[in-house]
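In the form predicted on its own, a lone chain appears below as structure tokens.
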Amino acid sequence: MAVTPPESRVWWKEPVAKIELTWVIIAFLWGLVMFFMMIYWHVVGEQNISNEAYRIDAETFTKKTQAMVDQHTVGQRKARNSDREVPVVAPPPGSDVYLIGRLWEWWPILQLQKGKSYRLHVASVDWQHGLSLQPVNINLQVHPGYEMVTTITPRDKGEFTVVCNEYCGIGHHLMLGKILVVD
């Protein structure tokens, strides 16, 4: 009975029921399968983008982004839930593109060409943010004081939403940005 203590305190010397031993073996083997699948999927699955991180201060990153905006702006779009205009920037393929995360926006709107590669530089100038590109499964942690750099090649034409997936304050639910992919 479970109410009374066991007669023998040496539990590892007790016989194990066959059904219990079967389930322990199945669980162990399944754990091994899942462990090796993680390694396999990391190599073959193409869902883990490689990135680089560099220390940078907010002022320097903002200047780099502003220089890109000044040089490659092709239009303006109204910001979501605001009357403010946000620049639409179309840098040439193969170039460095910059995206700032700040309370509560991703700035500027990037216009990229389908099938062309870009080096995307992302940094936060205030709090920790998380960049999640929807519906593509790209997720990056964006920490203040660090510039995250990754190479992206848009495969599909369309309008993609950049979402902050790290709670960053009262306006977190409004922190959306856009990446436009054109032919």
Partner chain sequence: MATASDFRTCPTTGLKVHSAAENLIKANAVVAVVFLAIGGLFGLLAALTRWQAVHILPADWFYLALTAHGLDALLVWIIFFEMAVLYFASAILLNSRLAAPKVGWAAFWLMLIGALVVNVAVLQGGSSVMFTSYVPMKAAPHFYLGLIVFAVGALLGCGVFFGTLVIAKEEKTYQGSIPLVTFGAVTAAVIAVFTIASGAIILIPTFLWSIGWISNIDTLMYKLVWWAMGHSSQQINVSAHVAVWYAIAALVLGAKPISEKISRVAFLFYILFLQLASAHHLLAEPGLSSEWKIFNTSYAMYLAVLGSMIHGMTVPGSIEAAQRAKGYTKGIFEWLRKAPWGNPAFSGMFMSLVMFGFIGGISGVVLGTEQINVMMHNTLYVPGHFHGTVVAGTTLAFMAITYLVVPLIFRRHIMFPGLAKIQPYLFGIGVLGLSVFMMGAGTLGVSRRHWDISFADAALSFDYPPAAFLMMTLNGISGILAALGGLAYIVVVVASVLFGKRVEGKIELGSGAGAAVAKYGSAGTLKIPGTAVLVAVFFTCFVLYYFVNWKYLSELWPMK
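Here the structure is a predicted model, which means the values were calculated and not measured. C-alpha atoms forming the largest set that superposes within 1.5 Å between two forms make up the rigid core. Numbering follows the first chain given and starts at 1.
There is also a form predicted in complex with the partner chain; it is not shown, and the following applies to it.
Taking non-hydrogen atoms only, residue 27 approaches the partner chain to within 4.5 angstroms in the predicted complex. Of the heavy atoms in residue 66, none are within 4.5 Å of the partner chain in the predicted complex. Although the partner is absent here, residue 183 lies well away from the partner chain in the predicted complex, with no heavy atom inside 4.5 Å. Using a 4.5 angstroms limit between non-hydrogen atoms, residue 70 is distant from the partner chain in the predicted complex. Using a 4.5 Å cut-off on any heavy atom, the residues of 112-131 that reach the partner chain in the predicted complex are, in sequence order, 126, 127, 128. Superposition of the core reveals a Cα shift of 2 Å or more for residue 38 between the shown form and the other one. With the core held fixed between the shown form and the other one, residue 23 has its Cα displaced by at least 2 Å.
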